[in-house]
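In structure tokens, one chain follows: the form predicted alone.
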């Protein structure tokens, strides 16, 4: 999706004031490119939408953990939501204070928990009774950590089944009965401060009703405990991946849920909604191909760089970097070099006839793109470029991997 930062100017695709071709010719393809101005603009819009409850915002690092992105958001004054020690360490490198880190995740290891206690993370989002018991037993020598119990409200989220997390068959969270049982015996967990509840029923939510229901269930759980005043409502704010994507805007979402949250300390953990439409994946057309009645554009980007279409059947708009209105359009399958039939970035994409060497861009690729990239088929993971906050200058924020990187940890005997 085009926006105020990712747009055409004189028929050339730009990221803010930088022509994509200038970046591509310097660093090659495939390459991820992020707009820091758009990232900050998205953050500001979320803050304004939820202003009625003045939430503590913690950016979800799993969406995009590039250090330049993290540093930009930390400097904007928000915290970070993490799910691993690696994400904690990247957040610290980006300048985050431990007290502004929320440590979530369904499978925290003993070493990760000890490390988080040692540095003093701000919150643990707890998903298992045994996890809570371990934190309580391990926390005695440390400052008492704040804990939010992750409630699984048994509500199917209106989203893809792979990113729905609040139904009873999901691995996430604690049942309503378990949460109520823990709260009734908080005194047995004397080394932790069970100070809130956490809910996150899924990502890319297509309406507000399920989230409203989940919040109401959470409020019912903590109503007998007037000292529990924190509710972490997770993320899930949807992003439009096409013009006709039926998703509520953030202002509508906020208007639906904030009346329920008045008087509570609210934590919000957006990820995709901050970074998705600030990023693109640029690629080069290698070959064109016609087979039976199908037309293919074979590119140097693949499911190794952007797995979302193969994993979720996710849609990304794919457009030419240089637009020429006098070319006739046809419909193409945009595919990569990986030896899998699933290696397609788009199907039936309307595009002009392109030649080898021309460039394409997959839009709204800033979230769950590079963080899920792999070396499958021994491919080098791509570089990441950021357009700086001034909108005029750009830099490489992560170098392209090298052939030496692929074997650096191998043990040859």
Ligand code: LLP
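All values reported here derive from a predicted model rather than from experimental measurement. Numbering follows the first chain given and starts at 1.
Just so it is clear, the following notes concern the form predicted together with the ligand, a form of the same protein that is not shown.
When contacts are defined as a non-hydrogen atom within 4.5 Å, none of 108, 215 and 264 contacts the ligand in the predicted complex. The single contact residue among 52, 372, 380, 67, judged by any heavy atom lying within 4.5 Å of the ligand in the predicted complex, is 372. Scanning 225, 312, 189, 296 against the ligand in the predicted complex with a 4.5 Å heavy atom cut-off leaves one residue, 312. Residues within 4.5 angstroms of the ligand in the predicted complex, judged by any non-hydrogen atom, belong to 233-241 and to none of the other stretches in 233-241, 336-344, 282-290, 189-197.
At the 4.5 Å threshold, heavy atoms of residue 308 reach the ligand in the predicted complex.
The ligand is not shown here, but in the predicted complex it comes within 4.5 Å of a heavy atom of residue 204.
Contact check for residue 368: a non-hydrogen atom falls within 4.5 Å of the ligand in the predicted complex. Among residues of the shown chain, residue 60 is one whose heavy atoms approach the ligand to within 4.5 Å in the predicted complex. Applying a 4.5 Å heavy atom cutoff to the ligand in the predicted complex picks out 269, 270, 271, 272 from 248-284, in order along the sequence.
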